[in-house]
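Okay, here we've got a single chain as structure tokens, the form predicted alone, with questions on binding and movement later.
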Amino acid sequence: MKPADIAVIGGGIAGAASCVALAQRGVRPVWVASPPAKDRPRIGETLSPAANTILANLGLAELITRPIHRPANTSFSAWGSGQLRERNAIVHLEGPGMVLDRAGFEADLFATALKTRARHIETTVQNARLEGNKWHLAFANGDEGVFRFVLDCTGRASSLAVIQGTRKRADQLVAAHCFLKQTDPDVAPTPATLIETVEDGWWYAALLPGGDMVISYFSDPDLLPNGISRDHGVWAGRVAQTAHISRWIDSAGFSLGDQLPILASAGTTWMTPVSGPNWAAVGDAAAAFDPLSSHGMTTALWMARQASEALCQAHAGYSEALDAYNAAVQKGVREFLLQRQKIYRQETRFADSIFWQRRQHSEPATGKPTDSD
């Protein structure tokens, strides 16, 4: 492989959107990415209203007009109270958000990125080192490349960013989630999302555009019941303890069946810094936020646009652009942490709960992500 100027590492939303953003500026990067998996559903399907403008600026607005997605018009929340409160999308000036067919959206975005004629290499990075002002990357397929600039879009792994910075962590939140099939086709379930707090965490449920329902339980690893991802009785028992989630599952004609939840990291983490003279991190590789924000995909799209512009400016000699990108992301993290604290403080019914006590302070912890069952 011949030396190139810019490499984009990672094939998720951040990587694909970065290729599109770079193409808008006349840049064809080397894109090191595997295609998105088609045979497994992905958690994280809510696209906030703020994404509408970003998608339009990237020329991607048509991606969410397909009938496989639906507007997020209605949501219900039992947060700070045992009563459900309804929120309608009419309050958003940007229009409604979307509940996506996540796999379909990622596949369409990936295909759009390929049309930019980015030099796609279907592999992963095995080793990365910075020598002087050049990145030397070794790929799993045996190839190597030398690049002046790199965009790290490798998700929470932050494969390149961790070489240059430090990962900070505000919490150890994990998600136990599964996808339910409807067992009573005569029932027409409400196309909505529902959030409910419990003593050791909170629950999320949403009717997906394809007709399935996703349910997620968010808590800390040390507070999860033993065997929750292996013992169906433990999982079913925890679902049954909810007041509104369990009722919606039953009334909408769904069943847990023999489904067991999958565990995934969901904590708030961020890199400091998120960029340097010849690199920038994008999406979860830069900052991954508590899913309560529903801004994960929107933030990835925004970062892709901003980091790509900063990288092109740095390529043209304006090195301060990458510093400005880092400052903008760090400011966003600080603002999110303050807002996160305010939201968690609205739930006062579980004052003696360790889970809620941990979220009453604003001083973030640091450390590396951990997996737990």
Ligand SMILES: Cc1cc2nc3c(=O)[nH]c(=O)nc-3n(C[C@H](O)[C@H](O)[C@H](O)COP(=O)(O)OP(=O)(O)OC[C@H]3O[C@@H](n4cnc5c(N)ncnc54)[C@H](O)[C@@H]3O)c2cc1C
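If you're wondering where the values come from, they're calculated on a predicted model, not measured in any experiment. Note that residue numbering follows the sequence shown and begins at 1.
A second form of this protein, the form predicted together with the named molecule, is not displayed here; the remarks below concern that form.
Novice: Counting only non-hydrogen atoms and a 4.5 Å threshold, tell me whether Ala7, Ala21 and Thr268 all contact the named molecule in the predicted complex.
Specialist: No.
Novice: Taking the named molecule as it sits in the predicted complex, is Phe147 in contact with it (heavy atom to heavy atom, 4.5 Å or less)?
Specialist: Heavy-atom contact with the named molecule at 4.5 Å: absent for Phe147.
Novice: At 4.5 Å between heavy atoms, is Pro49 in contact with the named molecule in the predicted complex?
Specialist: The answer is no: Pro49 has no heavy atom within 4.5 Å of the named molecule.
Novice: With heavy atoms only and a cut-off of 4.5 Å, decide whether Gly155 touches the named molecule in the predicted complex.
Specialist: Because a heavy atom of Gly155 falls inside 4.5 Å of the named molecule in the predicted complex, the answer is yes.
Novice: Report yes if any heavy atom of Met297 sits within 4.5 Å of a heavy atom of the named molecule in the predicted complex; otherwise report no.
Specialist: The answer is yes: Met297 has a heavy atom within 4.5 Å of the named molecule.
Novice: If contact means any heavy atom within 4.5 Å, which of 229 to 237, 120 to 128, 249 to 257, 71 to 79 contacts the named molecule in the predicted complex?
Specialist: Contact criterion met by 120 to 128 only.
Novice: Can you pick out, from Trp135, Trp302, Phe105, Phe218, the residue that has a heavy atom within 4.5 Å of the named molecule in the predicted complex?
Specialist: Spelling it out, the residue with a heavy atom inside the cut-off is Phe218.
Novice: Thr116, Thr242, Ser159, Gln172: which sits within 4.5 Å of the named molecule in the predicted complex by any heavy atom?
Specialist: Only one listed residue qualifies here, and that residue is Ser159.
Novice: Output the sequence-ordered list of residues from 42 to 57 with at least one heavy atom within 4.5 Å of the named molecule in the predicted complex.
Specialist: Counting only heavy atoms within 4.5 Å of the named molecule in the predicted complex, the contacting residues of 42 to 57 are Arg42, Ile43, Gly44, Glu45, Thr46.
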